[in-house]
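In the form predicted on its own, a lone chain appears below as structure tokens.
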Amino acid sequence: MKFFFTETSKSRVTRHASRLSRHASRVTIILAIAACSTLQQPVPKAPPGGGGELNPQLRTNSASLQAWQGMRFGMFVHWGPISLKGTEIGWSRGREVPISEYDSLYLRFNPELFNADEWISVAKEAGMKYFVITSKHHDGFSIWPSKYTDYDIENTPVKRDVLKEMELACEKQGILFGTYHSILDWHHPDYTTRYRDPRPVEGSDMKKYKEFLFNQVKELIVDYHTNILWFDGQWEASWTHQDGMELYKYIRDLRDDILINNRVDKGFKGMAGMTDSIAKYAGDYGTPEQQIGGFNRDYPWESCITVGDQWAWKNVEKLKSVKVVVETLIKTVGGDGNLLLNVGPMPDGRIEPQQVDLLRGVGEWLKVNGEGVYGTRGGPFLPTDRMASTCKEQFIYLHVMDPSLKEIVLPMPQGVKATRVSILGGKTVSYDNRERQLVIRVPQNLPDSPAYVLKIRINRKAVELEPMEIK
């Protein structure tokens, strides 16, 4: 086993020089996105997240947070040896797939058709601005050649550093690179909780496991330059609130501009977000799972949702339609959240054609309507099943999902009036300013798309308007 290997000074120096060169390129991308977002969004006075009660002065990096929020749409990828079986990653170990078989799948994992540039090109065509890959799921398999375990990509037939290839492809194509990393590890002998695994835990040592975990996280930061650390698996008793705050601080001490989701700590209820006191718990943003988060401008959040039934690849799976995905994106950004849409690549390394077609369909909609998604804030109108809104500068973007509407009546605060209404990708639209109302007459010939977007210019900054319900 390769646990707790200490690298030589020479290798550290070589990697450090490479990291500095690559870091400069990565920072250029991030700052360019951040600069664009800064022109469109108000700078937050004080980020609500951070290092928890143990580290009260360690607040979320506001520049990173603002740039990430402006991206709004990202690709999530769950992938590993389990794709050979077509069952769920992590959870099927000892359930659908016997543990001995599951733990041996990596010896046959040979994704010969994997092409990182193609993956990231698909994400880019879909209009996605960032990318998060499972570096390690609950099953313990590491998708990169880690110095601290033999249960990794280096010991599969593929013998390629696919994680490095993904990082380089993201850098080349201007996509922000991030990694999902499981806190729990049902494969590791020192992790002190078992899931459907008869191995005894009496000889396990959580102190040793934490050292292993922290070492692997450092590899992701130093060697792979991850910009997002998307944790999961913190719910088991083996992991504590103290552990979460320590890991958060450890990461930010290594690199301050990384974003870390709230699952680094114990402090969220279910999958919905933080609990009663954001300041008590570590984390930069909430992570509702398989559901759209509620409207919330005070605490940043991101919904993670699959394109089909499960996270990892499944041989026969009913995918969501382009319309459903577009509506999910609209309702998410309308609530001031990000959408991290998950795909599960096949055992041969390709994203299956049906998923690619779906993503490209979403991208076609965004080519016309992306102005109402990127760099916006949610509101001022609260999302419904028929409409949702986003805003920036003096513009409100009304995303209309119901093509049957002939007239739209919007509430308006005293003194707020529209000065122009148009359809993105189309012509101007007729409207009337009335007492505390804006009445829009919907054109007869609407775009043939999952939803259309009305761009409404008003006589003040749109983000300053308080949230309002559409009746």
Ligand code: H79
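One rule holds for the numbers: they count along the sequence shown, beginning at 1. These numbers were taken from a predicted model, which means no experiment stands behind them.
Unshown form predicted together with this ligand; subsequent notes refer to it.
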Could you spot which one of Tyr151, Trp230, Phe114, Tyr148 gets a heavy atom to within 4.5 Å of this ligand in the predicted bound form?
-> Trp230
Which one of Tyr209, Tyr285, Trp311, Trp365 is close to this ligand in the predicted bound form, taking close to mean a heavy atom within 4.5 Å?
-> Trp311
Stretch from 347 to 355, 134 to 142, 154 to 162, 104 to 112 whose residues place a heavy atom within 4.5 Å of this ligand in the predicted bound form = 134 to 142
Proximity of His78 to this ligand in the predicted bound form, heavy atoms at 4.5 Å = yes
Does at least one non-hydrogen atom of Arg95 fall within 4.5 angstroms of this ligand in the predicted bound form?
-> yes
Contact label in the predicted bound form: Phe395 to this ligand, heavy atom within 4.5 Å | no
4.5 angstroms heavy atom contact with this ligand in the predicted bound form for His399 = no
So which residues in 282 to 309, when you check this ligand in the predicted bound form, have a heavy atom no farther than 4.5 Å from it?
-> Glu289, Cys304
